[in-house]
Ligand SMILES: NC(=O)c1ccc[n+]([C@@H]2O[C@H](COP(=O)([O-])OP(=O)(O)OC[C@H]3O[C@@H](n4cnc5c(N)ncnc54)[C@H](OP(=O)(O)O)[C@@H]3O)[C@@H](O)[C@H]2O)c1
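Quick setup: one chain, the form predicted on its own, written in structure tokens, and binding and motion questions come after.
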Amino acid sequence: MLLVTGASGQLGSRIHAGLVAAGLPVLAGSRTPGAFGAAGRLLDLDDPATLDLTGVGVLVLVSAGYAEDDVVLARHDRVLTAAERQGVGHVVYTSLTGAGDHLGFALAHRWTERRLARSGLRWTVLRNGLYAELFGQLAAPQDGVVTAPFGTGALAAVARQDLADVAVRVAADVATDPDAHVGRVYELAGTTAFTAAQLARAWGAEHRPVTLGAQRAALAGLHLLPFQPAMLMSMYSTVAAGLLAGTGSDLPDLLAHPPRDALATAVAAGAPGPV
């Protein structure tokens, strides 16, 4: 039996759907399991009492990274402790690209990778690149102008569905061959890099990026959670510095199809709606 955590989320739902489509026995771990019917299992990483992993041979641990680091570390530690105690055979973890250590949410991923390495569990780490959809949304034009402070830096973004497809491939392999992918760390950045200026041209918009300081001031006026501004600013600055432009990736080798057009995916995600 396989189980996907965060199965109600944007990545987890795609992974779960892919495993179902592959005809594999898979449970959907979620705080709202009712949407999955008999395949749903209550799984709240903030509540140890719900961490029932009995009968699970392959656990796809989708990072619960949308919170402060101490919260995320505690969540991941709880579920891995439960996996150790309840005899889970293999953990597939969705981590962050190795080039992303300057990002404000990298710490929890690197900690979790180390926690896995010392766990005694069999494991595979999928170091996901930043989503093309996210790049498009953050760069989306306002009144015909792209102002997001990505500068001239390029990003090797990757379509979310491609990352889900890789997770499905790896989890399915492990389910049929316990020795598959053991101890492997796969880098899953996009295979092409593009800039906010390229997105602006595709939208027919002007590219006029503001400074990081101006963007930080603008974020201060929004109703964001306390940890969000630092996370967002780290994405702007890391892309602008050119640190996420590398396209060396295991992605093509793990997909059963050519990688999706990440630029087109980003354009679609940030495209202005009808007036």
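Computed from a prediction, not measured in an experiment: that's the story for all the values here. The first residue of the shown sequence is 1; numbering continues from there.
Although it is not shown, the form predicted together with the ligand is what the next lines describe.
Practice task
Would you check, heavy atoms only and a 4.5 Å threshold, whether G18 touches the ligand in the predicted complex?
Solution key: It does not: once the ligand is placed as it appears in the predicted complex, G18 has no heavy atom within 4.5 Å of it.
Problem - H90 within 4.5 Å of the ligand in the predicted complex, heavy atoms - result: H90: no contact with the ligand in the predicted complex.
Practice task
Tell me, yes or no, whether G6 is in contact with the ligand in the predicted complex, where a contact means a heavy atom of each within 4.5 Å.
Solution key: Because a heavy atom of G6 falls inside 4.5 Å of the ligand in the predicted complex, the answer is yes.
Problem - Non-hydrogen atom contact R169 with the ligand in the predicted complex at 4.5 angstroms - result: No, R169 sits far enough from the ligand in the predicted complex that none of its heavy atoms falls within 4.5 Å.
Practice task
Name the single residue among L244, L27, V58, V62 that comes within 4.5 Å of the ligand in the predicted complex, judging by heavy atoms.
Solution key: Contact check passes for V62.
Problem - Per-stretch contact check against the ligand in the predicted complex, the hit in 177 to 185, 199 to 207, 130 to 138, 115 to 123 (non-hydrogen atom, 4.5 angstroms) - result: Looking at the partner contacts, the answer comes out as 130 to 138.
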